[in-house]
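The chain that follows stands alone, in the form predicted on its own, written as structure tokens.
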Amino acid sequence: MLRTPICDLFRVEHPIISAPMAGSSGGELAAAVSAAGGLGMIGGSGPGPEWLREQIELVRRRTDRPFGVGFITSAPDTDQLMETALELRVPVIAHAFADPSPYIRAAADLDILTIVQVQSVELAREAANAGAAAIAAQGIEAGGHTGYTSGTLPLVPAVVDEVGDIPVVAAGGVADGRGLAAVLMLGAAGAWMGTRFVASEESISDPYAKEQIISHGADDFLLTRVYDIVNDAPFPEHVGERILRNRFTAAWHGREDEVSLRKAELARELAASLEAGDTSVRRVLAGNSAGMVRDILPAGEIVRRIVEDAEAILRSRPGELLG
């Protein structure tokens, strides 16, 4: 049975964390992953404190196992949302895209563990110094918002070497047992997985997004800032957004300066297209690992398959190579 430091740290059976994806990870998904032995995470940013409270209470009705809430820390409503998470004593809180220091201290006072998602070794160092209990090293392959600095393969061991005894989980490019086995060999203590769980029955992503993920491959996704620029999204400039290529990205990716100048016009164009149901301009957030996702399954089944496959690989493959 796979057992790593994050299993002990978070009191879970399996070294799998479902990423707290805004718009995809609600209480149903978090509860299903946790009930299956992983660490399920609610994407806490976006709908507001009352929605977050409802999702936390939903998880607790479904399972008594540990779970967490993740925030886009650079978003303007983070303070208010954190108050809800702290009030309800969520066991684990995750932060990304802004300095987590003030939030880590407040959580630690209540014995709440904090994961910090980072996109570089420098950010990992800062997270370690701030008191992170665990660090998610996110490569450029990841779906949704991620950095431009490094792929998961070189970033994970570099972060492991940098932060010492703090457990590191690999984020970006992991969607099956092969990926989990690979990042464990890099020194990671587990995997932080998003795209695979978007294509789950419990994900609150709409059916169109799920179908696009399972019908496209690794080459069909693009890291861009065009939508964030148009929408004035609260992300730092070193962060982009990996999405499915479409007509809008074909027209505007690589023309970010012009997008900034024509922001209001393009925002109206996007709104009109979406109102008309034009899917050629619609964002579908997913990582390159979509190329390994070919079905929509219950989240618990996803956890079980990944763990079983990773265990089989780790038992057999080394002997095959060294035989």
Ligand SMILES: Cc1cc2nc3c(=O)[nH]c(=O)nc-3n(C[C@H](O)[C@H](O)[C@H](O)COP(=O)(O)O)c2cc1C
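Residues carry their position along the shown sequence, with the first being 1. Only a predicted model underlies this, so the values are computations on that prediction, with no experimental measurement involved.
If you look for the form predicted together with this ligand, you will not find it shown, but the lines that follow are about it.
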Ile16, Val156 and Gly190: each with a heavy atom within 4.5 Å of this ligand in the predicted bound form? no
Just one of 279-287, 27-35, 256-264, 51-59 has heavy atoms within 4.5 Å of this ligand in the predicted bound form; which? 279-287
Is there a heavy atom of Met21 lying 4.5 Å or less from a heavy atom of this ligand in the predicted bound form? yes
In the predicted bound form, does Phe71 come within 4.5 Å of this ligand, counting heavy atoms only? yes
With the cut-off set at 4.5 Å between non-hydrogen atoms, does Ser200 touch this ligand in the predicted bound form? no
Proximity of Asp220 to this ligand in the predicted bound form, heavy atoms at 4.5 Å: no
For the stretch 132-146, return the residues whose heavy atoms include at least one within 4.5 Å of this ligand in the predicted bound form, in the order they occur. Gln138, Glu141, Ala142, Gly143, Gly144, His145
